[in-house]
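We begin with a single chain expressed as C-alpha cells, specifically the form predicted alone.
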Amino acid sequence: MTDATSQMITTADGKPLKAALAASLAVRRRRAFLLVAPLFLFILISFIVPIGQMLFQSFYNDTFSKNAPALVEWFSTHPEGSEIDESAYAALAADLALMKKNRSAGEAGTRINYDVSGTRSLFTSTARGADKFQPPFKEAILKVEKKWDDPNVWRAMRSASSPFTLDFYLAANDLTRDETGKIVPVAEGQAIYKKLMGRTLMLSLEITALCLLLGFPIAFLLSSLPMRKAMLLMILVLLPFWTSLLVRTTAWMVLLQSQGVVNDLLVWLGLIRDDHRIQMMYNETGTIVAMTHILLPFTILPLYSVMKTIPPSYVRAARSLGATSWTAFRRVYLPQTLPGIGAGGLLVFILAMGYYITPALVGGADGQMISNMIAMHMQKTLNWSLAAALAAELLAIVLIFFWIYDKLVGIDKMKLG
C-alpha cells in the first residue's frame, strides 16, 4: 500500500488510515513504557544509584577540605615542595579554631588518619586550645604537639586538600605516598589488600570449578530421568533455598569443627586417630566446603535448563556412526551444554566474589575474603571511601570475567533457568 493510497483510505470516524495507525502505535508505546516504568524506577533507585554513589565515594572525600578552608587556600597557592613556613601554621591555627567552633576536628582528623595513623588525636587535642594560639603560630602549635612538624602529616593534608583523590585506590592496592608525594609500597606488615583480593579470586575460581564438577552430573541426571522422578530430585536441589543462609552456615560449623560430625565419623571408621583430627574450620577448607554447598544449586539450574533442550537422538546418532560413548559426549553433547556451563559458572563466580557471611563465620583469619574487609571498613573503621575503592575493584574484576564470557560464549546464549 502506497502513502497516497493510505492517505485516501479513511477510518469510520473520517481520519486517514496512516494517521490512525501512527496514533495507535503511539498509544501502545506509552502503555508499554508505563508497564516497565515501575521496574525501571526500582532498578534505578535500588541498584544504579547506589552503585553510582559507591563509585563516586571511592574518589571523592571532602571531610578535610570543607573543614580546613585556610589550609586549602595555602596549598593552592604554594606548590608541592614549598617550605612549611609561618603562613602555613597561621592557616593551620585558623582552621583548628574553626574546627573547635564547629566541633569538626575529629571529622577532619579522621580523613588524615586514613593516611597517617594517629593524626585524629593530633587534631582533636590541638583543636582544644586553638582559639588561644598567638603569633608566632609555628612555635605555639609545636609547643602543644611536636608531631605537627612531621612532613608526612603535611603531605597527607596537601593530598586531602582536594576532595577528588585517587589515594583510596592506592591504599586498596597496598600503595601509599612518601613525604615527597612519590607513590611507594606500604610497609611489608601492612600489605593486606592485594593478598586478600588474590585469595578472593582464587577461592571463587575453586568454588566455581567444584560447583561445575558436582553440578554437571546432577543436572545430567535430572534431564535424563522421567519427569516425575526428576521433580522429586529437583525438590532436593531447591531445598536449601527454603532454609536460611545463616542456618546452613551454622550447620556446616557443627559438621566441620574438630569435635564435629565429620571428624567423629572419620575417627569411628578408623581413618584418622582421635588425636589427629582434621582441622576444617576457620581456614580455606571450611570456606570452600560451605560455599560450594550453598552455591551448588545456582550451577545445577542453568545446566538443567540447557540439558533439557538437547535431544537424546544426537548422541544416539553419533554412536550409531561409530563414535564411542566418550567421543559422542565430548564432541556432540558437551559443546551443546556450554551456554549452561558458562551461565552457571559465571553466576557462581559473581556470587562467590561478594560473599560475606559464610567466610566470616567459617573461614576465620585464613578464610577471609575481600568482602569481609569491605564490611569492616563500612561498619567499624567507617572508611567508606576505601571500602568503595575495594568494591569498585571487585566490580571491575567481575565485569572483566563477564566480558570474557561474552567473547567466548556470548551473552545472547546465556540461560539461567
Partner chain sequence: MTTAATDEGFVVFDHVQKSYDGETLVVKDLNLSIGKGEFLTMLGPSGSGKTTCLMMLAGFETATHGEIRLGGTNINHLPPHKRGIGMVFQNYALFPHMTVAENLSFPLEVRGMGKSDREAKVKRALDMVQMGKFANRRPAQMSGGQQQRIALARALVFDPELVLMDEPLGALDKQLREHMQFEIKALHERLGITVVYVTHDQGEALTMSDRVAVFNDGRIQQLAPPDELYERPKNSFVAQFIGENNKLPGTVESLEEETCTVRLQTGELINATPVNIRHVGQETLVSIRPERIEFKPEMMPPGAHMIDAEVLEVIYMGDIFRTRMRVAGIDDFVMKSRNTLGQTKLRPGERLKIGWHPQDARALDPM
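All values reported here derive from a predicted model rather than from experimental measurement. Residue numbers count along the first chain shown, from 1.
Not pictured, yet referred to below: the form predicted in complex with the partner chain.
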Of these, Thr324, Gln279, Ser244, Ser117, which has a heavy atom no more than 4.5 Å from the partner chain in the predicted complex? Thr324
One residue of Ser320, Thr180, Gln259, Ser76 in contact with the partner chain, assessed in the predicted complex (non-hydrogen atom, 4.5 angstroms): Ser320
With a 4.5 Å heavy atom cut-off to the partner chain in the predicted complex, the contacting stretch among 194 to 202, 80 to 88, 286 to 294, 312 to 320 is 312 to 320
Does Ser305 reach the partner chain in the predicted complex, with heavy atoms at most 4.5 Å apart? no
Do Pro335 and the partner chain come within 4.5 Å of each other in the predicted complex, heavy atoms counted? yes
Does any part of Arg331 reach within 4.5 Å of the partner chain in the predicted complex? Heavy atoms only, please. yes
